[in-house]
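The form predicted alone is given below as one chain in structure tokens.
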Amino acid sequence: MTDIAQALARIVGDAYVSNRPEEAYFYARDPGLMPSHPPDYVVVPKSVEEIQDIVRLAHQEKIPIVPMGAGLALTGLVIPLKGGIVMDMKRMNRILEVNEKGRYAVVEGGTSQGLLRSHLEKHFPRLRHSIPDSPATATIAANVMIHGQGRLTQQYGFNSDMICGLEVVLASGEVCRIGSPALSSDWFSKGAPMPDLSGLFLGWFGATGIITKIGVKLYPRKKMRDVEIFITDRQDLVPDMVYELTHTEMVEDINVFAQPKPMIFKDNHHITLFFTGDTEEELEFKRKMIWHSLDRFIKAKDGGFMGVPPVMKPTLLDMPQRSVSRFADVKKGGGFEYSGPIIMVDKYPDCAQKILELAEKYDLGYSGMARIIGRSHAMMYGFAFTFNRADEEMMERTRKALHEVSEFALETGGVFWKATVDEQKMAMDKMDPTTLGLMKMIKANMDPRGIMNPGNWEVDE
């Protein structure tokens, strides 16, 4: 143990490695429900070369290694299930390039969403990237690693669809560039027209490599942004409403939420619509198109637009929305977790009904939220429950509710988003065996010694 700590210190310096229990305590857990498990070492590298040396050491000594961004995924993806080294990427946070005309940025693997946003607002005010509704400390690399979603998901898909190149350290310690950076100094594609190898790393939760650089597509930042809320008590009609809204191609982001408190929200489904423009005329044109798309539902008295008071707009237009993280303390115990299956939009009524049943069965505070992905191609439905971390019995009820969510997601045709270890096993049990065999082949070849975030996507278990 001492020899390994000394070897790590020679790589990164004494100040950036620790095997002290008080520091291991913090890296042993995340804000979710998974039981804690401490690492043997924590290391904070500053360069790709340091990461290579750490990985070579781990490979030689067969020590597990877990890359960590901000540790906000909630589902235990960076808890070191088999001990070993947690590699905290926070010192690798440089913005290496912004190509304004090519609309992309290249950032290091520990760069936060907030840092890139601030940099763009200051130096490139006409550009923006897709920001998830997580704290600003959340990292860009971790978000795309879990196929995250953000403020442009409805238009363009997952945030992982918006990347344009990767640099990855493999389990062997070698550096590999994916996409156009493999051939060019320009980061404009993660694959096409070449074979797209990004799938060897995205969605694997660090089990095949460590992302050290990432190319992120940037998009026009319009001068104005506005929001409308359409309310209905007909959950069965929400998929039809979403279809009409996405058909206009005028909406930047669509979220649907239902929750019991405050009382004004009870028994209703709120479709929140965000749209942008460079002029008042453009904004007004889009607003009218959005209104007209829902005319038939208004005439049938199945829903209507809610007046959004000026005092409410800044909260709704905030990016990321702080109200999402505030939900975590509804029970005054700082507990919050959700299962977020990716599922067809026409399953919204089933999801909305299921969360009501689970909240009543397990006596839990809840919020149900759907974010539309693409032009109604799918949605991420969040079954969110809040709990008091000091109340173990309430936490156990939440675990049971989320397990039922997982079963429901598979039965209803969904797939898990940022799957827990238990959900990964459930998915592999149901998966097409040839697909499972292909995953096994990839993992065996990419990580023959089984050191990369072991416990995740372990096909043999």
Partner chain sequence: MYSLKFDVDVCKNCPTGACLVNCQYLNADQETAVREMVNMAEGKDSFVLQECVTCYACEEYCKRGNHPFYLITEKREEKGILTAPRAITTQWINLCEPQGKYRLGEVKEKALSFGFMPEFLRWAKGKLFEDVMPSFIFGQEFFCNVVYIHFAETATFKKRLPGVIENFEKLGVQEVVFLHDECYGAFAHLAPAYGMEVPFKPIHYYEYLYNRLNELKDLIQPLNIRVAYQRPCSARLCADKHHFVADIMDLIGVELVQREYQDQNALCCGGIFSMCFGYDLAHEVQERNIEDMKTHQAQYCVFNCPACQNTLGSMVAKAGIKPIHMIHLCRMAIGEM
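Residue numbers count along the first chain shown, from 1. The structure presented is a predicted model; accordingly, all values stated were derived computationally and were not measured.
There is also a form predicted in complex with its partner chain; it is not shown, and the following applies to it.
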| query | finding |
| --- | --- |
| Partner-proximal stretch of 295-303, 104-112, 340-348, 86-94 relative to its partner chain in the model of the complex, 4.5 angstroms, heavy atom | 295-303 |
| Contact residue in the model of the complex, chosen from 193, 220, 307, 125 - any heavy atom within 4.5 Å of its partner chain | 307 |
| Candidate from 243, 291, 156, 188 lying within 4.5 Å of its partner chain in the model of the complex - any heavy atom | 291 |
| Partner contact for residue 357 in the model of the complex: its partner chain, 4.5 angstroms, heavy atom | no |
| Residue 267: touches its partner chain in the model of the complex, heavy atom cutoff 4.5 angstroms | yes |
| Exercise: residue 231 in contact with its partner chain in the model of the complex, heavy atom 4.5 Å | yes |
| Exercise: residue 377 in contact with its partner chain in the model of the complex, heavy atom 4.5 Å | no |
